[in-house]
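Only one chain is shown below, in structure tokens, and it's the form predicted alone.
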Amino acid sequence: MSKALSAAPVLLIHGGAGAIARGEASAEREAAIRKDLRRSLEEGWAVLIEGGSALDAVERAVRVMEDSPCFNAGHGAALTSEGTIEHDAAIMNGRDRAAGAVSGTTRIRNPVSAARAVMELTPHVHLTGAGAEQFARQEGLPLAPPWYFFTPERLAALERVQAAKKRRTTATERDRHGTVGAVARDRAGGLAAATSTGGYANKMPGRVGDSPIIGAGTFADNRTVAFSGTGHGEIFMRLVLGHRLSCRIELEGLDLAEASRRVLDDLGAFGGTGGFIAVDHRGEIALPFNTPGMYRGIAREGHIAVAIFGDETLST
């Protein structure tokens, strides 16, 4: 095998961070979450072991979670204050830092694939709202009726958040936030990242979070790192968190573990909660979070594992 194809592939995923406590979800719900996390890993990993690109792998992995009702993206996305759904997504190729994003979409079945289409088929990086919907129709991307995206769990979450607001109390992180994402390194050493979300419960219609903002919630550069975040999107945007991680590696000379620790500290210092997944140009990984739990998983040679709670480890 040539040196260019000798890198060890790896895939990381997340399905959102928050106040995730044991016993909070039913055994059946927890089993469904773990099953779909593993299925996301298996489908993305299948791309990598066949010599496919990191870009293809992260798109495949995120599509699985968008299709699952267990996560806040695609089918099962959070509801706005008006009880509607607006999706955001982005994808980025570390090879040339090409990127695509969509925001405020309501009918696109897999927003991550629409983001990739923006990257590959237009001269733009980000399309939003009606323009993104029109582009998706023109390109024949699968659409779905509005009711497809709704789930009873997200309606209940909206009701809890709105009730907490009336009582002037704080809703749980799990109700307020949630995102899915994937980062990968392929056999050629290429990095890629993808992120997709419904935002957070009770957000104002028209709000756009960090997920589709290149450098904030999604970032990839073969020289440094691939990053996908989940959590308090406004803080991720204010800190440009993904690019901040890359700069700590490139400009400060930090390894991924130390850079990740400092970036998570930066997030917390500004009052932000959440976490992220990252893989660097050497194949080192990081999955830090400052919440009680984060849906997460890893696939690498001979090893696939998922976790939910903060005291679980992803042994490698």
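What you are looking at is a predicted structure, and each value in this text was computed from that prediction instead of being measured. A residue's number is simply how far along the shown sequence it sits, counting from 1.
A second form of this protein, the form predicted in complex with a further copy of the same chain, is not displayed here; the remarks below concern that form.
Is residue 131 one of the residues lying within 4.5 Å of a further copy of the same chain in the model of the complex, judged by heavy atom distances?
So residue 131 counts as contacting a further copy of the same chain.
Even though a further copy of the same chain is not shown here, does residue 234 get within 4.5 Å of it in the model of the complex, heavy atoms only?
Yes, residue 234 is a contact residue.
Within a 4.5 Å heavy atom cut-off, is residue 219 in contact with a further copy of the same chain in the model of the complex?
Output for residue 219 is yes: heavy atoms within 4.5 Å of a further copy of the same chain.
Quick one: does residue 257 come within 4.5 Å of a further copy of the same chain in the model of the complex, counting heavy atoms only?
Flag for residue 257 set to no.
Just one stretch in 280-288, 49-57, 30-38, 248-256 has heavy atoms within 4.5 Å of a further copy of the same chain in the model of the complex, so which one is it?
Selected stretch: 248-256.
Which residue, 162, 151, 122, 106, is the contact with a further copy of the same chain in the model of the complex, using a 4.5 Å heavy atom cutoff?
Flagged contact: 122.
Here the chain is shown alone; which of 78, 192, 213, 114 has a heavy atom within 4.5 Å of a further copy of the same chain in the model of the complex?
Selected option: 213.
Counting only non-hydrogen atoms and a 4.5 Å threshold, tell me whether 182, 261 and 314 all contact a further copy of the same chain in the model of the complex.
Not a single listed residue reaches a further copy of the same chain in the model of the complex, so no.
Sequence order please: the residues of 181-208 with a heavy atom within 4.5 Å of a further copy of the same chain in the model of the complex.
Counting only heavy atoms within 4.5 Å of a further copy of the same chain in the model of the complex, the contacting residues of 181-208 are 200, 203, 204, 205, 206, 207, 208.
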